[in-house]
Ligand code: BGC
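Shown below, as structure tokens, is a lone chain in the form predicted on its own; questions about how it binds or moves come after it.
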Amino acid sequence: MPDLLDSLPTLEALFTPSPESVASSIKKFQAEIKRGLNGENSSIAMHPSYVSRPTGREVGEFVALDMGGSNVRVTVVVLAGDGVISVKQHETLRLSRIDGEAADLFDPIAAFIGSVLEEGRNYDLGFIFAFPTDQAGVNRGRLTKWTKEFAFRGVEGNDVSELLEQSIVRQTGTIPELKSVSVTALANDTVGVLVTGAYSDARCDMGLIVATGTNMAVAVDRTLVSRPLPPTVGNPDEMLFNMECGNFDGVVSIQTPYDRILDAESDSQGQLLEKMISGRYLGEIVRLVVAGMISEGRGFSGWNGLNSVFRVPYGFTTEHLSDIAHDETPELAGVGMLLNRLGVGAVGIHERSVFKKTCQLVAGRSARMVAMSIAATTLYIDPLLESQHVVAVDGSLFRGYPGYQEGVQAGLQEMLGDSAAERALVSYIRDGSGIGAAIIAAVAGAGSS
């Protein structure tokens, strides 16, 4: 299949932004951080979280609600001080829908919280809400817009903590355990990951999620912010910011035609960086490449038959992408079997090879764009790289895609230099956002006591 093989250099060029274009993206990213911090209109919003990093000495038993997508998690966390954390209980609820009325979202979640708690004891609850939120206090915040294709009515523009509290109150009659719950803290999941990392390691000043969506949080010294900021719970000289950097629009110049098609057909406006990085979209980008090659007669003919996932938007997923990356056999037999299950007939080794390479290019660009975000943020808060910075990372894509973490670290070496890259260390923390919600509840409870 010479035509298909001849397409590889073009695909490699499309999905491998040049060092110059990456350096330009870093400068644009930093300019947007500055605008966001100063309260100006920016594609990186820099929402204040009203809380600082923990000291690592907070103690007690707390409950965390983590809503980052269709899987909702409730965790009972015990903080022992000295950076020591233990999980007493951890349960997951799979949402049955992503649209409806507000009560269709929060009522089942409230009932789920009640099913995990012990009756007769009081709980401070930390609520991780992984959607763009404009906070008005450590436990108050309005959803500014749904992302990740969520579309519950009556939530945008409203306080999500208050909506959760209303659902809790509605169900206390039948679920008595809910009478003892107080929503003490509201935070973005990236802020949760950051404080989990910081509870055990004081060098941790960034949090990153790479999963269904992507976003970062960063600890910023108040001296770097020119506008007045509200008081911080915890360390008054520092504020954790939910960056909402998935919305960064400074990547237009490195978008491929497939990125533009995906954006035009998506229900979520903007989120241009997220659409290059996150698990929600990587499989769809690969599907659009395949569809484009078919329509141009350059290969993958017969891949869009009646039973093929490649004719269905989002039919090819990032989980499939990961499965393909795991196949290291010379004949790529696993890729062939997976394609067969996905409705594609028998394909030759050349097609399997080009397809796997396409998947690797899309995932590799994702890791490189994550590195760009980390490099830009690190250089903003520490231009001379005088301190060591730890980035706490959670998320299914970062954890599950083979070689992803190594790809991020390689990107940091490219962008910061080999020695400088050691000043920005990436550390994976499983379930960091949920544990972080409990830690924030502890910091907020101490700050209000």
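The numbering used is simple: start at 1 and walk along the sequence shown. As the structure is a prediction and not an experimental result, all values here were calculated from the model.
Just so it is clear, the following notes concern the form predicted together with this ligand, a form of the same protein that is not shown.
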**Message:** Taking any heavy atom pair closer than or equal to 4.5 Å as contact, tell me whether Lys148 reaches this ligand in the predicted bound form.
**Reply:** yes
**Item:** Asp205 within 4.5 Å of this ligand in the predicted bound form, heavy atoms
**Value:** no
**Message:** I'd like to know whether Phe131 contacts this ligand in the predicted bound form, with contact meaning heavy atoms within 4.5 angstroms.
**Reply:** yes
**Prompt:** Contact between Asp263 and this ligand in the predicted bound form at 4.5 Å, heavy atoms?
**Reply:** no
**Message:** Heavy atoms within 4.5 Å of this ligand in the predicted bound form: which stretch in 303-311, 322-330, 210-218, 108-116 meets that?
**Reply:** 210-218
**Request:** Identify which of Thr318, Thr378, Gln271, Thr196 has a heavy atom within 4.5 Å of this ligand in the predicted bound form; exactly one of them does.
**Result:** Gln271
**Prompt:** Even though the chain is shown alone, can you say which residues of 188-203 have a heavy atom within 4.5 Å of this ligand in the predicted bound form?
**Reply:** Asn188, Asp189, Thr190
